[in-house]
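Next up is one chain by itself, shown in C-alpha cells, the form predicted on its own.
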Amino acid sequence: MELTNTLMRAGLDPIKVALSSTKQLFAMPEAQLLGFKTSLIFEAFTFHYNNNAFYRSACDEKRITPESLRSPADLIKLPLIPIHLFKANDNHKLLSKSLKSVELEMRSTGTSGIPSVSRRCSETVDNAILGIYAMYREFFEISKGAGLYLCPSNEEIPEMGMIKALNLMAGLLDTHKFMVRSDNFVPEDALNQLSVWENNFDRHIIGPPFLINRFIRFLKATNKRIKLDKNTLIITLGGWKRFSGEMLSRAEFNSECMEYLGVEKHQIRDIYALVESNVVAIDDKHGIKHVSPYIHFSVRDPQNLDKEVALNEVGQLAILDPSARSTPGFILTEDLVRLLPKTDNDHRSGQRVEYVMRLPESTEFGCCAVNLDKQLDETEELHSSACPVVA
C-alpha cells in the first residue's frame, strides 16, 4: 500500500509503473510483491465499485466495500464475474466506462459459436500492450529474427484476440509471414519460407498448437526433418483441445517438435491467455508458466467458490487483474488449474500455474483457435490437395 501511495503522490500511475517493471517485480521478495499487487487490485476494485452499477450490486450483496479490504487475505472476498457473462446479449452492463470510450473490441468463439466480447478503452489497451510486450521480453528475449506464423493474419480476422496477441510479437522481429490464407494452409509453402530464411535469420514458429501439429504431421508423412536455429522458439497460444474434442498431448507435441523441427525442449514455449483479461502466463525455459507479476491467480474449490484450494491442488481459476479499466478484471473462469511451488533453480518471485482442463460441466471448450481448426478441416475437405495430412 505504501509503495502505491508513494507513486501516486509523485504523479505516477502505479499500474503503468508495474507494467513497465516486470523484471523488477519478479525480483521482489514474495511478501513485498504480494503486498504491492494487492494494493493495485484494491485500487482497481475501488474504481469499479464507484463506476459500475452492475458490479456495485454484486458487492452490496456480499457487503464488500473498499473500506473492508485491508490485506492480501481479503482478496478472496472480491466478487467475481463469471466468464460466461461476456457472451451475454446484455454484456454492456459489465462496462465501468461508457461505450463511447471503447477503443477496441476483441472476440473469442469456442464450440458454442457464441462470441465472448471483450471491450477495451484506451487506458486498458495501453495497459494490455505494455504488459504483454514486457512479458514477451522477459521470457522470450526476442528482438530480431523471422516469425513463421501458422495462423491467419489480423487482416483476415481483425477481432480475433489470439491473433492480436500473437501479432504483437511481430513488432519485435525483422520479418514475418502468415501462412493461413482464406482458411487454407499449405505446409509446402511454410517449409519453403523456412528455407528462404535459412542462414539469414533466427527462425521462430508461432501459432496455435493444432496448426503447428499439422505442419509436423506433414513433415512426418513426407519423411522430412529440418534443423532450426539455436535461438529458435516454438511459441504456442490457443489451447490444446481440437474442435473434435481430441486433446493434443503436450509431451508428444514437444517430442515431435524436437524430432522434426530440430529444436531442444527449452525452445518450446506455451502461453496461457484469455481474451477477457490482460493476463499472460508464459513458459520459462523449464516449461513452467509464470503469471504476470501484477496479476493474482486465486484457485478455488469448484464446490465452494469462497474457498481456495492448497498449493499444488487442482481448482477453478479466478483472475484478479488490476490493469482492466473498461470492465472489472475480477473473473471466474471455467478453467481448472493448479498453482505450483517455487523450485530451487527458479529465481523469479510470483505465481506459477499449470493448466489442467476445462470444468467437466462446461458447455463449451476452446477459444477462437477451435473454430479456426474446424474451418481448416472443412476447407481441406473441399480442397483435399491443399494439405495432405490432417492433424
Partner chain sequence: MYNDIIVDNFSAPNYVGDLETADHEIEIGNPVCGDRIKVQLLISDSQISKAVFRAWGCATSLATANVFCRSIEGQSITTISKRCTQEISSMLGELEPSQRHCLDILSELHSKLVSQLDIGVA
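Just so we're clear, the structure is a prediction, and the values are computed from it rather than from any experiment. Residue numbers count along the first chain shown, from 1.
Same protein, other form: the form predicted in complex with its partner chain, not shown, and the subject of what follows.
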Within 4.5 Å, heavy atoms only: does residue 76 come near its partner chain in the model of the complex?
no
Residue 212 near its partner chain in the model of the complex, any heavy atom under 4.5 Å?
no
If you check in the model of the complex, is residue 171 within 4.5 Å of its partner chain, heavy atoms only?
no
Would residue 160 count as a contact of its partner chain in the model of the complex, using a 4.5 angstroms cut-off between non-hydrogen atoms?
yes
Per contact check vs its partner chain in the model of the complex (non-hydrogen atom within 4.5 angstroms), the hit among 226-234, 288-296, 274-282, 89-97 is 89-97
From 176, 269, 203, 119: within 4.5 Å of its partner chain in the model of the complex by heavy atoms is 119
With the partner omitted here, the residue among 114, 248, 314, 80 that in the model of the complex has a heavy atom within 4.5 Å of its partner chain is 114
